[in-house]
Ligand SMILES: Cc1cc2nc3c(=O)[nH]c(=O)nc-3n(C[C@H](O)[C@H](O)[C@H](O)COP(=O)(O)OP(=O)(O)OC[C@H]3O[C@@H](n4cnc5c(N)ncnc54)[C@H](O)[C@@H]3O)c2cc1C
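Just one chain follows, in the form predicted alone, and it is written as structure tokens.
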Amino acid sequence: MILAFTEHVDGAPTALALEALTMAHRLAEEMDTPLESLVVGPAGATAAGILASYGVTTLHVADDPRLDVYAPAAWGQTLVELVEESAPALVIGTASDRGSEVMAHAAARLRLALAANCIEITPGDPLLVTRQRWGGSLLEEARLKGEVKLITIAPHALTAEPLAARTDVTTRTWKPVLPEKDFRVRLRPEVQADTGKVSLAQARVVVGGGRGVGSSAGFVSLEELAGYLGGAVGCSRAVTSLGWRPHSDQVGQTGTRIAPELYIACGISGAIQHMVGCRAAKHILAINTDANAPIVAQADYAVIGDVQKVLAAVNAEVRKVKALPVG
């Protein structure tokens, strides 16, 4: 059996969780074994409807009121208890911040190896994996041994693909035995700011700005273009270090990893840490004064010129096409 640790928000699996489930189902078919899923918290029971489209046959719901709040050790122990009870051949999670933390806790307590940030998996014993190292600048081929093999899937390593035929999902609810000490570290309730803007992680178009934008005021033209295209504005680490934009806008290894249809990189040099965050973009358009900037070599299209002059012309053309008023 393959067990997928499925992250969710109020019962809706996250986009990265669906990617991991897609990989898990492929492996389950190749290994001719069932695919089961673990969700933490009673709200996760409503995920059954979506999981039926990803080949899941059994949904394990960890039902404990204390698990409604994220507690890394408690969530990790919940996974440990299920693994010890069901003895899956393989456990797959997401390489998100939360998924990586929970899987690491479980690996430590089970005394098992964890292969993180995998992009390819070949069944066998040992299991063959290809995983991203050093922020995605290096691909490592490794053999994973152990009675139970633990793996996290790198963000955007593949596209989530629901199945044409839905499975009948059996939901099993149980209360794991969790000591109070596992709740010493907990996430305080989160309050999401209602900005009315498109989420950077979910946007189909992202307009990113780097030091070459010139100043915080220079992002006005990027905001304008993103608004016309129904997209979001991102930035490089240099910009957040200068205080021009908040860290929540940062694209990169230490920021948000994006996978838009189009990434418009304005005045961004293209350091490897930044490229890790945008490498999953379907198309990249670079606007830069330096024709030799690393991002120009990585881009599908490039415009060599001053960012503000180029964007002024682009925004004017978009307004003309859309018959929009100036300003």
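What we label the rigid core is the largest C-alpha set whose atoms superpose within 1.5 Å from one form to the other. One-based numbering along the sequence shown. All values reported here derive from a predicted model rather than from experimental measurement.
The protein also exists as the form predicted together with this ligand; that form is not presented, and the subsequent description refers to it.
- The stretch from 51-59, 280-288, 34-42, 64-72 that comes within 4.5 Å of this ligand in the model of the complex, counting heavy atoms only, is 280-288.
- Here is the short version: of 250, 221, 152, 77, the single residue with a heavy atom within 4.5 Å of this ligand in the model of the complex is 250.
- Put simply, residue 174 is far from this ligand in the model of the complex: not one heavy atom of it is within 4.5 Å.
- Although the partner is absent here, residue 245 sits far enough away that none of its heavy atoms falls within 4.5 Å of this ligand in the model of the complex.
- Contact between residue 293 and this ligand in the model of the complex is found at the 4.5 Å heavy atom cutoff.
- Among residues of the shown chain, residue 307 is one whose heavy atoms approach this ligand to within 4.5 Å in the model of the complex.
- Applying a 4.5 Å heavy atom cutoff to this ligand in the model of the complex picks out 255, 267, 268, 269, 270 from 255-270, in order along the sequence.
- Once the rigid core is overlaid between the shown form and the other one, residue 152 does not reach a Cα shift of 2 Å, moving by less than that.
- Remark: with the core as the superposition reference, the CA shift of residue 290 between the shown form and the other one reaches 2 Å or more.
- Put the two forms on the same core and the Cα of residue 23 is off by less than 2 Å between the shown form and the other one.
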